[in-house]
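Taking the form predicted on its own, here's one chain by itself in structure tokens.
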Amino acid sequence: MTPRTAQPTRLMLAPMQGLCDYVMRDLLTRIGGYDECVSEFVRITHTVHSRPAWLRHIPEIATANRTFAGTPCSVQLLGSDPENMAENAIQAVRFGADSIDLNFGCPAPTVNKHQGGAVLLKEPQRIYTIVRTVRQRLPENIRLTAKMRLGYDDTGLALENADAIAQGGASLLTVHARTKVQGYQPPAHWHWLNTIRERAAIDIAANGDVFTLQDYIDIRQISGCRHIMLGRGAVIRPDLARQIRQYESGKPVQAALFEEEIGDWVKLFFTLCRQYTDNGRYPAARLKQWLGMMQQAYPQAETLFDRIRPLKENAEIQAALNRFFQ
């Protein structure tokens, strides 16, 4: 591994829709290593959301915008109408939010079809108007950040979009190092992050394909960014941020063992899911989704997944977990 970096790293947990919900944010920030996290996006159309709606999407608002572990959580908005985006941002702040993030990176076809997410990267001026309108309407003490991809079809407007976000008044821009068309297909183009960082008048956070400690070392070296956002890698290896912190502090890096710490986290996650809602299929579906992803790093996750896959009742899944990790 390369020598440790001189500047301190700011680690962020990515806003992965349908994957990093309230319960996953709770668990991963308990494990530790994160400076902040960002909520799944709240879709902004013609409606101004009520307090119950905000709390349903981002329960952390009710606890001073902190997860159980005390990690700050930003409220992410997705939409295309500047005035509606601004009005909803104001309402979120009214109900307690203290940091707003704007989504210009979601590649989902349904979202893009309705003029949200990455499709806006075709129109830098439109992005500027959204960011500027939201910034002007928000109180000065409220932080405004944004996330984008390198472009929609290609990278031709990458720098222009980054400039639009910077000039609009955002204080930090996270860049996922792929275009919308590239989706999540490897590789992530980390060299582009360095190009944007050198030319855009805004702090840049690097994002994309950080699955291991070595990936983290490499993305920092290639991108030159000291702000790093962890996405799928944080879910696949739940102690990845902690490993990074151990490495940066000069301590021995000790990866968690599946049969020990990770087993405790799996059981805690299922418990938290059941506390969040013990009705319906949510706890089982979320646990199976997570184990399905962890198979990429832990063979034991595949074994456990196979055992609980046919189970539907929460009580029988809980019993299976207790037997597996006894």
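Just so you know, these numbers come straight off a predicted model, no measurement behind them. The first residue of the shown sequence is 1; numbering continues from there.
One more form of this protein, predicted in complex with a small molecule, exists but is not displayed; see below.
Asker: Heavy atoms within 4.5 Å of the small molecule in the predicted bound form: does F41 have any?
Answerer: Yes, contact at 4.5 Å.
Asker: Is L150 near the small molecule? Define near as a heavy atom within 4.5 Å, in the predicted bound form.
Answerer: Contact with the small molecule, no.
Asker: In the predicted bound form, is there a heavy atom of the small molecule that lies within 4.5 Å of any heavy atom of K180, even though the partner is absent here?
Answerer: Looking in the predicted bound form, residue contacts with the small molecule do not include K180, since no heavy atom lies within 4.5 Å.
Asker: Should V23 be classed as touching the small molecule in the predicted bound form when contacts are defined as heavy atoms within 4.5 Å?
Answerer: Residue-level check for V23: no, no contact with the small molecule.
Asker: Can you check 267 to 275, 49 to 57, 280 to 288, 33 to 41 and let me know which stretch has heavy atoms within 4.5 Å of the small molecule in the predicted bound form?
Answerer: Result of the contact check: 33 to 41.
Asker: Between the options T145, S223, N88, N207, which residue brings a heavy atom to within 4.5 Å of the small molecule in the predicted bound form?
Answerer: Going through each option in turn, the one that passes is N207.
Asker: By the heavy atom within 4.5 Å rule, which residue out of G169, P124, P82, G231 makes contact with the small molecule in the predicted bound form?
Answerer: By the 4.5 Å heavy-atom cutoff, the listed residue in contact is G231.
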